[in-house]
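Shown below, as structure tokens, is a lone chain in the form predicted on its own; questions about how it binds or moves come after it.
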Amino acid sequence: MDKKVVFSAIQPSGSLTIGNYLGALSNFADLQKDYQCIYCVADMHAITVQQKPADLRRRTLDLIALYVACGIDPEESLLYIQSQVPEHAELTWVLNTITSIGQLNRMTQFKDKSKKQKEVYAGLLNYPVLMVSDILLYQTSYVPVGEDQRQHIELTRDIAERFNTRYSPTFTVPEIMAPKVGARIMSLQNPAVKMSKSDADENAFILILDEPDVIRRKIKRAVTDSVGEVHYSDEQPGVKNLLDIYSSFKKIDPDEAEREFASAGYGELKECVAEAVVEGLSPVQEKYKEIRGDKKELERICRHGAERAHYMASKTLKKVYRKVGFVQF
């Protein structure tokens, strides 16, 4: 029996945080056992914001290496760079013809991002349709995303159903795969907001590739409170966040972590959290350096992934072209 397809894409916008690692990347490897997993580096999405070409190329390869370092097996899963599979752009054009401007104008992320730009380009309005193509090309059954992406999955389902109704069943209509329930990692400087690499304060986040001394320094500077006791409580958000980070890396329950530090001060808590993070990220960082330093192997992974992705995507695109009436020989 064929495995159902799980699709996920990440933009190559620089190193990811421990929030990205604990919430997504560290769980991706487990999905490989039960699903046909497809992991995409979304460099075509990245250019909706102006990029320095050399930086984009470097970050794209960084992300491929990071995927592998986090346990993605490029032989078992499909790992590829979006721009190397032209079917993504080709399907997007066809789906544009059945997507209304009104739908795209209502997308929350478009509304938020367009307010911050002097001039709004078509790519920003249109990138949800490219996202729809990413998913539908591979007959995806499940997309592991959080609530903030629900609107995009609803748009994907709507466009798939519209095409299927107009031209006959062609696309699998995907569903959200609820992420594994785990800790939501918050900012180290403002534990009321989620940890983000775009935070202006670099002490607010820890990157997966941060050096051990940098990790220790950032956690040492993490915001706590004046209570002086370690409790896993909403009334102590800074301490709660540190316990969430500790328990996630140690793979224990937060209540167990709270008991472990019952008689500890904040200094001891921070030291232990820092060591847990350093220890947990060490194998990922070592594997990353190994893959990133092997140019031939990295290129082989990218070529192999692009060939496999092209094979799957072209099967879907040929069906689409036939159904809309394009001549094919």
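Just so we're on the same page, rigid core means the largest C-alpha set that superposes within 1.5 Å between forms. Quick caveat: nothing in here was measured; it's all calculated off a predicted structure. Position 1 is the first residue in the sequence shown; the rest follow in order.
We do not show the form predicted together with ligand LTN, though everything after this point is about it.
For the candidate spot formed by T97, I159 and Y321, no residue has a non-hydrogen atom within 4.5 angstroms of ligand LTN in the predicted bound form.
With the partner omitted from this view, the residue of A204, M131, I72, L137 that lies near ligand LTN in the predicted bound form is M131 [heavy atom within 4.5 Å].
Put simply, of V273, C37, I64, A42 only one has a heavy atom within 4.5 Å of ligand LTN in the predicted bound form, and it is A42. Ligand LTN is not drawn, but in the predicted bound form it has no heavy atom within 4.5 Å of M312. In the predicted bound form, at least one heavy atom of Y127 sits within 4.5 Å of ligand LTN. At the 4.5 Å threshold, heavy atoms of V230 stay clear of ligand LTN in the predicted bound form, well away from it. The closest heavy atom approach of L79 to ligand LTN in the predicted bound form falls outside 4.5 Å.
This chain is displayed without ligand LTN, yet in the predicted bound form the stretch 144 to 152 from 144 to 152, 98 to 106, 231 to 239, 245 to 253 comes within 4.5 Å of it by heavy atoms.
Of all the residues from 3 to 18, those having a non-hydrogen atom no more than 4.5 Å from ligand LTN in the predicted bound form are F7, S8, A9, Q11. After superposition on the rigid core, displacement of the C-alpha of P12 between this form and the one not shown stays below 2 Å. The Cα shift for G23 between this form and the one not shown, taken after rigid core superposition, is 2 angstroms or larger.
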